[in-house]
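Next up is one chain by itself, shown in structure tokens, the form predicted alone.
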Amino acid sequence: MAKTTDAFALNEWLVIGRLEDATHDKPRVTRLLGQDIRAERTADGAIGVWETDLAGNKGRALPVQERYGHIFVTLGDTPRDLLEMPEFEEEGRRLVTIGYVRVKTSPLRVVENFLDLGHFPYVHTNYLGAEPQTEVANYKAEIREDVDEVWATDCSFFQQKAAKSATDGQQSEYEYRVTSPFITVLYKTCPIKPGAWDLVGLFVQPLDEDLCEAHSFVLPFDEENTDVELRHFQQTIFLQDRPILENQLPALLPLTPGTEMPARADATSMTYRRWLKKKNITFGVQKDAASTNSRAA
């Protein structure tokens, strides 16, 4: 698949891997928005990323940012700012990068699934929910025009094992923040520090329109569990999602109203789709038959 021409997607800062995995002797050969790329540490210790051709030859050097335990690059010439997370500077938090899971679906589907409260009891049974407590209480979803982000607030759900640090079930409070079509952060009740939020982040690397790698991190207050234990907990949750995501049809995300029937619990998903539509995003989006016929004419 050729590199996309979607200007908005091209001008996003996109994850390509963890900082801890970037070594001198092990370059990362991967894809981004349909473009082959190569990342490696150079002799001076910096991380370099280049577009490559089919033979693997290096071409254009790409801008790089090293933040939040990950490597971000952009294929565009006028990239939007990468999100700010001041919580990374708070004393007592731990950053644990989870690694990535490859998923055969649109990267936008992966972000949307992360925003979905309604699937907790059915997909993450005895972790993030369980029957018969399946009702999603009313919450607020909005596009915050001043920062150009999607937010969902006043979310609440009873969870049997809300985090690795949880020792009992709890009523978890949630806030969701979407700063990019491919980046979303969850703020949720910390089980061991009243009044504090733990952070769970998802950075989705769009390989092609229907193939992606989901990189994630946790930034909790947790002095008890090891990095391996925290990583295993998050991997367990995401691997429960993967078969659901890979069986959704169509694989690309529809943005045309009426294509899929939303429920009240889908307010964040619908707001996310409206936001994407306003930006005229085409990468990872199910093409509308009417517009396709119009272009053909």
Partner chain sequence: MIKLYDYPASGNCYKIRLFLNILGVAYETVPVDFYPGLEHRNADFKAINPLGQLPVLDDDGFVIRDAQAILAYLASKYDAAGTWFDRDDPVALGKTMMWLAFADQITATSSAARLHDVLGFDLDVDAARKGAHAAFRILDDHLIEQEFVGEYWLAGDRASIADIACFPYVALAPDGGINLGNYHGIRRWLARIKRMPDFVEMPGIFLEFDEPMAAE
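None of these values were measured; they are calculated from a predicted model. Numbering follows the first chain given and starts at 1.
Only in words, not in the display: the form predicted together with its partner chain, which the text now covers.
- Comparing 175-183, 93-101, 196-204, 69-77 against its partner chain in the model of the complex, the single stretch with non-hydrogen atoms within 4.5 angstroms of it is 93-101.
- For the chain shown alone, H232 is a contact residue for its partner chain in the model of the complex, at least one non-hydrogen atom being within 4.5 angstroms.
- In the model of the complex, its partner chain sits beyond 4.5 Å of every heavy atom of T30.
- For the chain shown alone, L239 is a contact residue for its partner chain in the model of the complex, at least one non-hydrogen atom being within 4.5 angstroms.
- Among residues of the shown chain, V228 is one whose heavy atoms approach its partner chain to within 4.5 Å in the model of the complex.
- Interface residue among G56, P243, P63, G59 relative to its partner chain in the model of the complex, by the heavy atom within 4.5 Å criterion: P243.
- Heavy atoms closer than or equal to 4.5 Å to its partner chain in the model of the complex belong, across 14-30, to one residue only: R18.
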